[in-house]
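There is one chain below, alone, in structure tokens, taken in the form predicted on its own.
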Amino acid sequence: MGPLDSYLPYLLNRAGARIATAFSAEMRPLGATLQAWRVLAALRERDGRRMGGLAETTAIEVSTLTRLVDNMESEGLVARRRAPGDARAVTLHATAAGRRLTQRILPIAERYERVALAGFSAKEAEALKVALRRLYANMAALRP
């Protein structure tokens, strides 16, 4: 095991890239991308999110997210609406087509989680998730 194998950013990137590449390949025939799945999954969790909150939840930069949502809207997967009580704010909602696509992707995402966590006890899996959330939060200190 060399120095690279003990470098945390390398290990995280390598694991994430392997998952993302394989998952993206399975999304392609469904007409979806990994980023579109993040948006749909976030809207499944809580529909009617504002773009800023959605950017934070999905870890997609706002300008990239805006273009992505434009494309998803033209594909009929999401719809923008004025927020109740604040005509300046816009909320994003999954359409019926977006919810159907989410239901098709969900079992694939669940299988990826099972495969990724194979051999981990429930306690180890939860500890890993807690650690990754903390690591993500820690990295905010380096935000320019």
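Values in this document were obtained by computation on a predicted structure and should not be read as measured data. Numbers follow the displayed sequence, beginning with 1.
The protein also exists as the form predicted together with the DNA; that form is not presented, and the subsequent description refers to it.
- Among residues of the shown chain, Gln35 is one whose heavy atoms approach the DNA to within 4.5 Å in the predicted bound form.
- Asp86 belongs to the set of residues with a heavy atom inside 4.5 Å of the DNA in the predicted bound form.
- By the criterion of a heavy atom within 4.5 Å, Arg80 is counted among the residues contacting the DNA in the predicted bound form.
- Put simply, Thr66 is close to the DNA in the predicted bound form: some heavy atom of it is within 4.5 Å.
- In summary, the region of this chain contacting the DNA in the predicted bound form, judged by heavy atoms within 4.5 Å and restricted to 101-109, 57-65, 39-47, 115-123, corresponds to 57-65.
- Residues of 19-52 lying near the DNA in the predicted bound form, listed in sequence order, are Arg28, Gln35, Arg50, Met51, Gly52, the criterion being any heavy atom within 4.5 Å.
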